[in-house]
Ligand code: HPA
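Take a look at this single chain in C-alpha cells; it is the form predicted alone.
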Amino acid sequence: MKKQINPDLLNEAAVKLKYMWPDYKVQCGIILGSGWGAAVEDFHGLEISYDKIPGLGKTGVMGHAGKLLCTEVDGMSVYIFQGRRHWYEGEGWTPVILPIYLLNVMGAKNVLLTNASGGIRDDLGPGSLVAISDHINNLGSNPLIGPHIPGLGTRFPDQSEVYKKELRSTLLKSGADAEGVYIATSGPTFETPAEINQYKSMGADVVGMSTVPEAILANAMGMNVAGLSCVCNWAAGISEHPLTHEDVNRTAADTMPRMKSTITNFLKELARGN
C-alpha cells in the first residue's frame, strides 16, 4: 500500500474538476459519512461520479454513494461529497484526503465533516447528534507523514482548535444535541470493550473510523472545520448486542429527519453570514 499522498494525483484531479466545472466556485463543502446519504436528497445540481475524478475512485463501503454534487443554498455554493474513502480500504492517503484538497483549491473556506459513531459518554446514546469539539488520532498514522507538500500547508500545523468554536455553536443552534470529543481508530473492526474503556479514560466521547484525517488536512490548509457525528450504537462493552454496519445504517435512517434539518439549518446559517 502506498501510504504517502501523491501530489501528482492531487493536481490531476484539480485540473479535471476545474475543466468539468469551470464556472462553479465553492464557498462551503460537506463530506458525508456512513448513513448520511439521504440527508442531502432534497438538494439538486450538477453531479460527478467519484470514478471520474483521478485519484478518488469508487467508494468501498455500503451506504456511500460515491458522487460529488454541486448545489446552492440561499445563494451560497456548496460542494457535497456523498461518501468518503477510508484509511482501512488500503489504498493510501490520497483518496482519503482528496475531497479536502479539491474543496480548498476550488475556494471553499468552510467544511462540514459528518460520520457515524459509537457512543461512549453516558448521555450520548443512539440517535444523538454530536458537534465534534476535538479529536484523538488513534489511527496509528497521519496523512501528512512523508515529504512536505507546500500546497498542503505548513510542515508542523497547529491543532489547538481544529473544530472552530463558531461553527460548533452554529451546529448546536441548528439541531445538534451536544458537543463531544471524537476518537478515530483505523478499523475496519469495531473496537473491543477493553479499548473502549481505554478511550473513555483518554477523554473520548464517541468513536469512529474516519473524519480525523480530513480534519487534519483542512485545518493545515487554513480551512474552517466543523464536525457532526450521528451516534448509531453504543460502543462495545456498553452495547448489549454485537455491533454491525447494518445497525449503523438502520439507526441513521431512524434519525434522518433530524440529520436533514441540522445540515439544512447549518448551511442556511452559514449563507446568512456570507
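Remember, it's a predicted structure, so these values are computed and weren't measured experimentally. Numbers for residues come from their place in the sequence shown, where the first is 1.
Below, we turn to the form predicted together with hypoxanthine (HPA), even though it does not appear here.
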Legend entry - Proximity to hypoxanthine (HPA) in the model of the complex (heavy atom, within 4.5 Å), stretch among 243-251, 66-74, 40-48, 215-223: 243-251
Inset, instruction - Indicate whether hypoxanthine (HPA) has at least one heavy atom within 4.5 Å of a heavy atom of G118 in the model of the complex. - result: yes
Inset, instruction - Could you confirm whether M209 comes within 4.5 Å of hypoxanthine (HPA) in the model of the complex, counting heavy atoms only? - result: yes
Legend entry - is_contact(F190, hypoxanthine (HPA)) in the model of the complex, heavy atom dist at most 4.5 Å: yes
Inset, instruction - Evaluate Q27 for contact with hypoxanthine (HPA) in the model of the complex, applying a 4.5 angstroms cut-off between non-hydrogen atoms, and reply yes or no. - result: no
